[in-house]
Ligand SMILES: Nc1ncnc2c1ncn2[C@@H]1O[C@H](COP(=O)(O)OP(=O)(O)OP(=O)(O)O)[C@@H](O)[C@H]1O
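As structure tokens, one chain now follows by itself in the form predicted alone.
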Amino acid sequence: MSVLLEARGVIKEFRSAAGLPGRRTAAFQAVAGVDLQVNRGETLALVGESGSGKTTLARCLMRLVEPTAGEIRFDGRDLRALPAAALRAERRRFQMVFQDPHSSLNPRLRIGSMLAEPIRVHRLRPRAEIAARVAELLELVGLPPTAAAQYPHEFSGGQRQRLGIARALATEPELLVADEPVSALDVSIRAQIVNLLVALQRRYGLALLFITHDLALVEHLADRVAVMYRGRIVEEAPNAALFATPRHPYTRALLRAVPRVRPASAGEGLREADPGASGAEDAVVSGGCAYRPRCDRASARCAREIPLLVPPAGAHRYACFHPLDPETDRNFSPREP
């Protein structure tokens, strides 16, 4: 597979006002030097708990938020170096499906106008064919052509997310970034939306960057998985390898926190979470590995140095000085505490 989207050393800092004259502003790195690749036609899942920086990274990749530093290349072109007009033209090739279907649609536009606008702006169809293309997009996401005359408030949450997907597909993109696309929906319709995304990806050969905290979903969806913690990628691997042999303690903690039903004879219901992945929000860690307050493997080196992803060019990379080893760790199992 060839690389479609590549991030190198992406950093995003936010600064907060100190509140008093003469005081310096405080800086917080929501994304702290991320390297990431999305290949053509693949599904890369970006996972991590809330606050890990997944959405901020996605918005940086889409150039909806300007990174503080780093390089973002799409099909070999440096997006940060493009002038505004060239970026606008290139943006047609990558689109985003947002988390909240209630706030991501313009309430004042009819659905037909909403879907027609990107087609018209990017001149993807002759004017006389735009209405037919709108009807085709609605059919693709399982909605009737009559939906074009309605407003977003006339649809349910699941239907609105379908409309968000249709809007993203209107520009005929090569990459779709789905940011927690089902987390705001009822459980009963989440599978429908995920199945729709998978079907559309296969039909059009899309690359899909799927952002979620739901590892149970990722296991059945992704080709590769990148795990994010406190603004950094701490592990990246093919799907099967990550679920079978996680190397970073945080990844194992996430896997152990996935609820799983056991037979009644076992005398248990849901599995317990790894103690390292629970409890109150950690205090801000300055220097060293950000996961060390939660890690039972932390050493003095972890407090001094920030671990980098190793091996640099490997298929299964991890950022840990004391990685898990299935051959030597007695308590290795990612599934059972």
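Please read all numbers here as calculations on a predicted model, not as lab measurements. A residue's number is simply how far along the shown sequence it sits, counting from 1.
The form predicted together with this ligand is left out here; the points below concern that form.
**Student:** So in the predicted bound form, does E42 come within 4.5 Å of this ligand, heavy atom to heavy atom?
**Tutor:** Outside the cut-off, so no.
**Student:** Contact with this ligand in the predicted bound form for G53, defined as at least one heavy atom pair within 4.5 Å: yes or no?
**Tutor:** Flag for G53 set to yes.
**Student:** Within a 4.5 Å heavy atom cut-off, is E174 in contact with this ligand in the predicted bound form?
**Tutor:** The answer is no: E174 has no heavy atom within 4.5 Å of this ligand.
**Student:** Is H213 close enough to this ligand in the predicted bound form to count, meaning some heavy atom within 4.5 Å?
**Tutor:** Yes.
**Student:** At 4.5 Å between heavy atoms, only one of the stretches 44 to 52, 286 to 294, 299 to 307, 66 to 74 reaches this ligand in the predicted bound form; which one is it?
**Tutor:** Residues of 44 to 52 come within 4.5 Å of the partner.
**Student:** For a quick check, can you give me the residues of 176 to 212 that have a heavy atom within 4.5 Å of this ligand in the predicted bound form?
**Tutor:** Heavy-atom contacts to this ligand in the predicted bound form: only E180.
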